[in-house]
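Below sits a lone chain in structure tokens, taken as the form predicted alone.
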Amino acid sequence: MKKIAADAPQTRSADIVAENVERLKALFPEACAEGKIDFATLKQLLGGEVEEREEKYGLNWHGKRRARQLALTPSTGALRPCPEESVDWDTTQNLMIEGDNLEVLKLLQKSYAGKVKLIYIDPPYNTGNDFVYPDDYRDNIKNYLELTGQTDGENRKLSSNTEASGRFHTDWLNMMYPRLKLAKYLLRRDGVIFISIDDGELPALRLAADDIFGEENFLACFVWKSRQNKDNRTLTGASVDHEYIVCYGNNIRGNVRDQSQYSNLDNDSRGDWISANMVGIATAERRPNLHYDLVNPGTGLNYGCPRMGWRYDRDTMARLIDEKRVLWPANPNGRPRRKAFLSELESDFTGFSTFIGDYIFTRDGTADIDALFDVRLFSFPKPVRLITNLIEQGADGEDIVLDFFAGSGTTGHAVMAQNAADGGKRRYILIQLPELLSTENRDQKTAADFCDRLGKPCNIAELTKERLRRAGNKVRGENPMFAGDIGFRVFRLDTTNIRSWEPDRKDLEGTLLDGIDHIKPDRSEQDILYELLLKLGLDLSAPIETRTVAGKQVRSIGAGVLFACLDENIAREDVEPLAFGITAWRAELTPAGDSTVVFRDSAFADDVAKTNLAAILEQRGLGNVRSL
């Protein structure tokens, strides 16, 4: 039985460097010498494709190498479950993670690499005081806990990136680069990332994103008319009425017309088809002929009219209905869509407009918040409708949507709203730093007082969670027929649950006694269980079933992919019935691949009990047995 020690690979997040090396070895075995990459040989194999000039096109800044290294350094942290702060813990597929997004993105790699369909982020625009960063990166997890007031530390400095800084743009790039690098690994091959930004850092963002995602995967720079009225306060005489949304995809150009998405489940004589959007892009004031109630003539169900109207006028819509091209949802609160046939692909494709000017303004985001709270907690959050438009175009079905600068939680709200509109089952993962709020700070006082009123810690992540709770109830209230997921599981970033060997010379005996149990004393069985899920690459929403086997609690995760018995006492007489019970349960579940079984190392009465249990499990087909 192999032990999972504090320094074992299983206790760390994915080692991206090691994975990259293995890929190179597979592609160029001749360039591998004694387990290392021989760059001289590799350059020969690549011929003239290696750029060796000192002066070359690209973006460079002080700290780029270190920023890249930060992304590649594995994390030893853990995500501790918080069921009491969650909504529908047992059934929800949504995640709200409280923590430093750099470390959390690392921890998500094993479970979610290549699985996220859409990423939307609204990062700090670097306006002078809109983001903070630690001056010390020696221990990211410890540093994070100290900076957010969760431990008593060394009073490390938390700095604002003021315009007076000599490294104003450099600091922003050093913050953004490793996070975008990690985000890329999470995207699916057909995934897409949307990044909100303004003029200040647009040039730097474009060059950094070209470096990370590849210039060939740049899709568009959308211009969003975010302000309705001119700003008369500007000193330059120019009213800045727009922002940008920069869009990249891992393989987006090859997926704009991806024929593999077409099918013919209803045996339509016209051939393969996909479901296509019919919502318009203009208000009633601009295109009144596109605003009308749409009624299913067969059932009489009235689906009303979206705020931006329909894409087709009444006559064209009537023709589509006659030709049986309209897909009618059973839910009257759903959104009718149309059949787009593969045979008509060339003539049907019109592409995307890079101008978002359909009367969605920053004030709408403020209105979204006002509709949920009785106080103004956030300044100009992104409007829900802006994000639902992106989600509708870029994710459907059970796709995962990620936002690692969650802020007020608009993206989570938008996912729930869009699922209610079209019957989708999209899932969201939100990450938000629990940045402290102070009643002494005039700009933060209202939000801090609100947290105090709720009896919650005064930090931004608490406001994110409260917004998600209220938004879920609002979506359900406005769509009574919607039975989709409005819950979320809360996790909090912390140090690993596994105790490392830290000898105390003054109390060597006590250190030896503490070392018997490798689990930290303040950690629960649930804490340990979810760290196992992450470190073994399982979904944090994987189903968990519990049974009593030989008087011990055993949990099956992911329908038998992982079995965990974290009981604190396993005697010799428990070994045989426990092993037989676990193997019988696995046979009942019939998982597709190998199963891992984990026990608490200190639970065994002696080495004989431990060895015998491992031997019986191996004889019955369970050879991947671990202890911690």
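Residue positions are given as counts along the sequence shown, with the first one as 1. Since we're looking at a predicted model, the values are computed, not measured.
What comes next is about the form predicted in complex with a small molecule, which does not appear here.
Note on the partner interface in the predicted bound form: the residue among Trp224, Phe213, Tyr177, Phe378 having a heavy atom within 4.5 angstroms of the small molecule is Phe378. Proximity to the small molecule in the predicted bound form, defined as a heavy atom within 4.5 Å, singles out one entry of Phe405, Tyr530, Phe450, Tyr244, which is Phe405. Looking at 470-478, 71-79, 303-311, 116-124, the stretch with residues near the small molecule in the predicted bound form, meaning non-hydrogen atoms within 4.5 angstroms, turns out to be 116-124. Although the partner is absent here, Glu545 lies well away from the small molecule in the predicted bound form, with no heavy atom inside 4.5 Å.
In the predicted bound form, at least one heavy atom of Gly99 sits within 4.5 Å of the small molecule. Residue contact check for Ile460: one or more of its heavy atoms lie within 4.5 Å of the small molecule in the predicted bound form. At a distance threshold of 4.5 angstroms between non-hydrogen atoms, Asn94 is out of contact with the small molecule in the predicted bound form.
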